[in-house]
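Here's a solo chain for you in structure tokens, the form predicted on its own.
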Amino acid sequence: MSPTRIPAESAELLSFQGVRFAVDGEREILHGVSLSVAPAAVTVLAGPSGAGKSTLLRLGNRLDIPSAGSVRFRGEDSSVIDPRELRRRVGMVFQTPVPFAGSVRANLKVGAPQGGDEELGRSLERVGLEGSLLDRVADDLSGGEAQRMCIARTLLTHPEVILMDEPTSALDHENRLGIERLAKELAHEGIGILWVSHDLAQVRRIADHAVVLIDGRNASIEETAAYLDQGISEDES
């Protein structure tokens, strides 16, 4: 199969257009959701638990397929893009770190099979880890270290978008803030970040843009404002 050609220019890196998703073709979870991910920005997908945020994220790199509507990468429908190519350019970081068996080096080589120790070490340093961790068994890493390693593994594919599904929910406060800073740094480098969160304080810390889902649909302007304004007085006290 020849490589998929993906347009080089697009103001929107990734867009969801009227997306619907039903389980087993019956119970609909998403009801015509639309949003876009811009380059060099953190777009936060917020909303209460069960709103459909994680489901939408999975549609972003074809872990699931929409029942209706479309997901477009750089203007092209993702359904016509080779899934392997799409997933290298639209990376995914899950809520719970997913280290593979073996060393940190072996994990990173999943992202860069031909990568030497110098390149792999630089990828660790980019996410705030020491290059000397290459020989560590991945399962021996702390939660924060494992999440950073998974991000480094994703970055080795040179993604243009990173989908982050509540990546700090299982981390302590220090590691949570560290991953948030890293996301902002990656956005500053030009990567588009789509970050799922229901932590309103976190939304206010990191979001360049925020989209709210309620019951599987885009919230109205009034609902969005009301949702995002919750708890501000407590945050400022």
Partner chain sequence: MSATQIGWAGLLGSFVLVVVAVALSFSQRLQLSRSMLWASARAAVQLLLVGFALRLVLDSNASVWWAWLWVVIMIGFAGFTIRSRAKEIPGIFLLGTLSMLTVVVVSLSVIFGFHVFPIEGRTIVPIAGMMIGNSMTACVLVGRRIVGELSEKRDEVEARLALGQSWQDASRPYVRSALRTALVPQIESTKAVGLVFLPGAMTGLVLAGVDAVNAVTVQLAIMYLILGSVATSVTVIGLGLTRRVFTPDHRMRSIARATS
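Numbering follows the first chain given and starts at 1. None of the values given here were measured: they were computed from a predicted structure.
This next part talks about the form predicted in complex with the partner chain, which is not shown.
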Next item on the list: Report yes if all three of I29, H198 and Q202 come within 4.5 Å of the partner chain in the model of the complex by some heavy atom, otherwise no.
Entry: no
Checklist line | Which of 140 to 148, 69 to 77, 125 to 133, 153 to 161 lines the interface with the partner chain in the model of the complex (heavy atom within 4.5 Å) | finding: 153 to 161
Note to self: Since only the chain is shown here, I'm wondering whether E180 would be in contact with the partner chain in the model of the complex (any heavy atom pair within 4.5 Å).
What the structure shows: no
Notebook entry, point to check: Just to confirm, T168 within 4.5 Å of the partner chain in the model of the complex by heavy atoms?
Noted result: no
Next item on the list: Indicate whether the partner chain has at least one heavy atom within 4.5 Å of a heavy atom of R105 in the model of the complex.
Entry: no
Notebook entry, point to check: Should E222 be classed as touching the partner chain in the model of the complex when contacts are defined as heavy atoms within 4.5 Å?
Noted result: no
Note to self: Using a 4.5 Å heavy atom cutoff, which residues in 65 to 89 contact the partner chain in the model of the complex? It's fine if the answer is none.
What the structure shows: I65, P83, R84, R87, R88
